[in-house]
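Taken one at a time, structure 1 and structure 2 that follow are two forms of one protein chain, written as structure tokens.
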Structure 1
Amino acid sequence: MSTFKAKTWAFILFLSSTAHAGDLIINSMHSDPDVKKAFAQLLEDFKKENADIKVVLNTTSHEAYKVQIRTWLPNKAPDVATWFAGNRARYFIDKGLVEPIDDVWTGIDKQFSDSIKDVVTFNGKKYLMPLSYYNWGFYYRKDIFEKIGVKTPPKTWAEFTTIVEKLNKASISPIAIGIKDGWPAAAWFDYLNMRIHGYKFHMALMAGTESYLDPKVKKTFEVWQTLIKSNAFNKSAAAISWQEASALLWQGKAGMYLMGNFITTQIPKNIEDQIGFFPFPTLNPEIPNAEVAPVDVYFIPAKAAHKAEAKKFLAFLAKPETQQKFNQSVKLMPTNSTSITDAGDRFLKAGIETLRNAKNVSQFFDRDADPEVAKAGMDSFVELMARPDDINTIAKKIEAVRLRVYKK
């Protein structure tokens, strides 16, 4: 064999040895201990069924991941990425950065509800594989409510604000919140806006077709303003995370907490019986209640190197037994309707009932809105919590970004 041929074959062998056709690189934002542990077990189960695939997992903290994905997705993309449904996914899909996976969905679409399929479908194609979803609402101390003379959780806003007054009189912070990372404040805007003006207006605002200077939005801010000025929230809100805020509830220093059902994995065993749940109260009886129910999804980047292996993984995620095992570990709800939800978990039971009674569901402010508008909105909501008198200035800041993004 000539020297040239020998070098050529050596080069070809080198390429084949470094291609790693059986690799599967997954970028994950599951950095919280409970979810990280459950996802690690899920990967072990996948590897048992696919011993020929080498799985490489890269885990990044939740907030850092949301920033970094914009850099690596169009450049050095993994094979699978964790993400959110809603406009957060559409943003990348519209840029051609996400691989359609209709072939993965073939034969399994009947195992998922129409509402779940709607949030993974864009322009007639399916791009996402959902694994979990969860409800939002209030988690509260039953023993503290009993102490201030409240026998049943509130259903109306008048009942809710009365409880706020009673908790203040008892020198207990009415509502725990930690907005160091911004997004917990957005839940308040979502719920107040949907409860006062309805789902249709809220989603139009999220889509950029309504203005943040609309009198309806001002009304939403005014209701929130009144609550803030009534000392409803802990003074430390801007300095602490959502986990640190939950400690206020566990320690009995706060009476209520608006949060997603994932918080139930954090409840200390010694007070578990004292924690109850109720949906966000009704503000306008003529407006059907809509709920926040984010769907966590996985997708294959368009620039993934190992799409065949990635599709095997997404098909594995879709299986009812995979979803059941994972979601029972993290106390969330499986998106596959043939999976079994833990019937003994009273919080999941309450969440399912809440969503069953909802007319509509949203994905959450930073998933439904354009990313730039969402960032401006969340920064402004944090500002509102600190300076509730600056409603007009805050609304103008968000509107300026909306106008730039949508050019309307």
Structure 2
Amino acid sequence: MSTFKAKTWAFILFLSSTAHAGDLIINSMHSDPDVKKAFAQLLEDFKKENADIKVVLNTTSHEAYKVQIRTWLPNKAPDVATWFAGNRARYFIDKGLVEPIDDVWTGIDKQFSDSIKDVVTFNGKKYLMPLSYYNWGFYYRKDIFEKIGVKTPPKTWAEFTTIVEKLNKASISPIAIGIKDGWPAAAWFDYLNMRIHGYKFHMALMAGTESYLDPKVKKTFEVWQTLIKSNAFNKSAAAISWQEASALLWQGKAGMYLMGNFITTQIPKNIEDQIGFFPFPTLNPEIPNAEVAPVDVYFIPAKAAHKAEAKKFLAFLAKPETQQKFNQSVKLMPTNSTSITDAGDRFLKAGIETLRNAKNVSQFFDRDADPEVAKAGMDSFVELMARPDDINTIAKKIEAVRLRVYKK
């Protein structure tokens, strides 16, 4: 299937080489039906304002896109492409493959929060246009919390661990997790490390300038290890997927679940009212809260043929109305803070509040870190959760990969 797509794509590229001025070619990885539909609507609205621009959209599946972008970006690039914010984007920016778009940002930058502007700015220039993001945090069973006598969700780590204890006493797995794929474990590392040592240290670690042998990282692992050893997580986590772990929450076998807001679209109808949300508790009161909130962005490749049209499109994406309409239909949050968000969805509302209180947003471990380090990291986190004895060996494994990657 993917080779077929690749061929189709190559064919489109071939056609595009004869495209006229006034065309706009967009490559997208958002192949999910809902998002695809909402994006098609967005393009319709764009065409209404820009009847002279002919838009061509190529949508590829997520995984294939990640591989193929490396082929077309340096060679025959489209005019606009979707990508992730943060270090994943820095990789292409450092290679000179992305066009700076400070001119598009002039006049509108006050409409975006500092934490958003931070993840689209590299070496003082803005390269990316954010469209949506979503928050992470705990989704929990209100009925179970009530049963063990917990009235309000925890704000501090002490309150949090008390709840873990109480749930264990009631023979309910305190926290659901499924790490057949490593990334749900990485969310724990992100949050613990940011809550204990702050955003700045975490991002330096992600960018490869801090060591995994640093005592600070060890401290993060120790807090995590203590939690694992207190039976805070469900059994057999290493063999189940994140969806199977969410089933534990729906069935009332687990009390809470650290996940992205996308999980709320999967809550079964009959327990919808029983699910609540709370942000990751504070561990160190001196550290301002940073949240994990992956931002989806659009950028103009340096080799794009129709940059003027592409800039018009990015300016259109930035508009509060555009962001509001698109994100409302896909249950994501607009990055433009002047967009009015419908408070109809209580999870979105809670998420927006959480992010409003956040000083910074990180992009998630596997987007912030170099892909190789991220893979070694996630393998090691799975190892830690399955066998929480030997923190040093685990740290050394990640460090070995970091040293190799960043000595280049």
Partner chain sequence: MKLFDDSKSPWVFLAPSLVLYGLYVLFPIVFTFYLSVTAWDGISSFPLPMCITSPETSCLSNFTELFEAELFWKSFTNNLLWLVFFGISPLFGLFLALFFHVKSNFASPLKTLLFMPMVFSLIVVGMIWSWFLQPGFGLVDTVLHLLKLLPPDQEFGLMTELGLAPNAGVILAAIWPHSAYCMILYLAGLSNLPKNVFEAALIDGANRWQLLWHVILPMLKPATIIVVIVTMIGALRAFDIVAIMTNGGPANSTNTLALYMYQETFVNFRYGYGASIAVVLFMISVGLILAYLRQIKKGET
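Here, residue number means position along structure 1's sequence, counting from 1. These numbers come from a predicted model, not from an experiment. Just so we're on the same page, rigid core means the largest C-alpha set that superposes within 1.5 Å between forms.
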query: The form predicted together with its partner chain: 1 or 2?
result: 2
query: Has the Cα of Gly86 moved 2 Å or more between structure 1 and structure 2, judged after a core fit?
result: yes
message: Checking Ala310 here: with the core superposed, does its CA move 2 Å or more between structure 1 and structure 2?
response: yes
query: After the core is overlaid between structure 1 and structure 2, has the C-alpha of Val56 moved by 2 angstroms or more?
result: yes
- prompt: With both forms put on the same core, how far apart in Å are the CA positions of Ser132 between structure 1 and structure 2?
  reply: 2.9
- prompt: What's the distance in angstrom the Cα of Leu43 travels between structure 1 and structure 2, core superposed?
  reply: 9.2
